[in-house]
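This document starts with two versions of one protein chain, written out as structure tokens and named structure 1 and structure 2.
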Structure 1
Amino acid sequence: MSGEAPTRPFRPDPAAIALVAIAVVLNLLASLWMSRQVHDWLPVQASSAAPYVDNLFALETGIGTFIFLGCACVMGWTILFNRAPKYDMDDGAPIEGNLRLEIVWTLVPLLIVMAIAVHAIQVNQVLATLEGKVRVSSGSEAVAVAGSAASDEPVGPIQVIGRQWSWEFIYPEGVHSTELHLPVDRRARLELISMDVLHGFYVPAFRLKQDLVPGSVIAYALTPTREGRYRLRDSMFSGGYFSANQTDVVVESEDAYRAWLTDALRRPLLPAANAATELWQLRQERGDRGWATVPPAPPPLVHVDADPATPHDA
């Protein structure tokens, strides 16, 4: 949908057509260029879902740029060339509408957004087979939403426990940790559990986000595809020290993962260091000034504690 279209009904002169054609071509090139830039605006891709999300976003950026520039060109043109000179009190061309044009600019956007929607539904379907997500209310049984038939045997289920304000990961092997370790290229099954309020399990490098809903266990699956250390952030506002509620996901080779598990089990269970607790203690020392908040839940007892100061890849 290029806004330049209105020229046609009035003056089909070759110069105008050439101008519009040049504008459209330039706009297409610019849009293509923009859609190539999106990877610079996003964190590294570290899960099997990430490329799908990024490609969809790139497509939308391309289409969006085309529409935006098209409209901006029309606005710019009118501001430059259709401005009334000072003291010119005349009216513009008395055009009340153009039925053909109005039909076109209803149908074309309709087609564009529906095409995007259909495409996005397909991506959704693909992602569902990659992620798989089920909400299990306490008592009822887990039913897979979409084909979660995985090729090789998945890791887990690892319990992801959200509290005000800490993350705890409990492995079937018995390891308790505040850092999520996952083997690369293997599907990991998670069970998202909140002990108090809503939280959001959000790993930007995975392009995945799922709320933890108190009263439900949400079965969730993902496949990391790149080794590294990535931030896991609480994305659903959870009160007082919400912004301190973050930790890391460490994606490592199968061997390193195994070694980490065995090593972890040899360590003692100790209370984790916790940013919210430190902030809370600082506040108490300063005379408990500030507005009301529930105190942080006691830090979990873990074999392995995260060190937030370790540099992360994304």
Structure 2
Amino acid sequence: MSGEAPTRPFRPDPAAIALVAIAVVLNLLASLWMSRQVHDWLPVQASSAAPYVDNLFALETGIGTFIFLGCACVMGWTILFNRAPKYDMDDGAPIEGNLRLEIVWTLVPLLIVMAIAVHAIQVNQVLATLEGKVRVSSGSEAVAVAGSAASDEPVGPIQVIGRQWSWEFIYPEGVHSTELHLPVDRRARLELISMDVLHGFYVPAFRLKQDLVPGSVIAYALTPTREGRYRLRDSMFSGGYFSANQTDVVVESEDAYRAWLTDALRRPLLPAANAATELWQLRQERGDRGWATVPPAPPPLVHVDADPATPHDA
């Protein structure tokens, strides 16, 4: 006869199962609460694309919170209740060959990553087809929509010109400006142009970003949905003073937009102010020390110049 003791069948501890279940439920509630806080962290939603981007970020935040809290709780429980005794220098028991556990920790991350990927692809598809499409249910409705298309024509195209380091916007009416004006709830068509290096057209309140590539004219469209003044930033490192390459996007009513265009055309063309030029001149006065950089491009001639002191919503 063998001297080995008979192996006892594994019996799960009901108290341990209940404790894990409670911890999972609390983790889910905390993750759901955290995902709902996302909208308070981000700037105001000011474009038709913003809700889709925010919901995707909220999903990723909730999943990340659940994983973080789950790992932190397991490590905390181990440290508090399953740590080795003092002066115990032995290695842990060699645990291997648990096929079920290996399948679980392979499938769970795979499913999480695939869920995020599928949702991200859906959001990208929505953003790609968000502008310029109208769904109809009958031929007569299609004729009616086509007959009213003249009133729904998009604004523009507005040329968006990026330089080292200033923005210029040229409207079909002939207005030149260093701040971008758009009518609310109207699709705006933009033509993005870089005069020198890579620039990034980025309005955080719109949740939209597009690179300006030298030698290319990039067609772009967006629909602002909230009146206000929002910050446009150069999101690409375009040289020493790229942080000064900021201006405002003013979203206003259709009447206010038309009145602004009319008033702007009455004004003379004058050189725009440029914070980068002031910084460059200060550098020259101090002996042109520090990292090498190029002089800012000459300021554009505009009818309306942005006032950097004007407060903005986001």
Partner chain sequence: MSPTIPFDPRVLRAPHPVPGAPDNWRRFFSFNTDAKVIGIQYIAVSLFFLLVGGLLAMIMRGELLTPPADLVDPTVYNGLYTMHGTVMLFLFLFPVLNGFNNLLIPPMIGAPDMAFPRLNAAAFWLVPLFGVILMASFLVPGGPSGSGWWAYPPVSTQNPLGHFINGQFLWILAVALSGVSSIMGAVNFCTTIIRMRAPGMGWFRMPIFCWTALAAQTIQLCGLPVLTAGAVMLLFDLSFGTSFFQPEGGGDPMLYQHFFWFYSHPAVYVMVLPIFGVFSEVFPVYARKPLFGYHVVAIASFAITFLSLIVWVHHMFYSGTPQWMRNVFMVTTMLIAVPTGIKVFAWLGTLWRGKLRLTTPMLFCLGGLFNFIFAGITGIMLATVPVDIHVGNTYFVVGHFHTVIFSTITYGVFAAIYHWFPKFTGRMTYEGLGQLHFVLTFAGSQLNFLPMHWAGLMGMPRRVASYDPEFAGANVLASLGAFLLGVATLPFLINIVSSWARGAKAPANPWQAIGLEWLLPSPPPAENFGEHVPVVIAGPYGYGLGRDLVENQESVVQRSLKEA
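Here, residue number means position along structure 1's sequence, counting from 1. These numbers were taken from a predicted model, which means no experiment stands behind them. We call the rigid core whatever largest set of C-alpha positions still superposes within 1.5 Å between the two forms.
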{"property": "Label of the structure corresponding to the form predicted together with the partner chain", "result": "1"}
{"property": "Flag for Gly287, CA shift 2 Å or larger between structure 1 and structure 2 after aligning core", "result": "yes"}
{"property": "Shift in Å of the C-alpha at Asp91 between structure 1 and structure 2 after core superposition", "result": "4.3"}
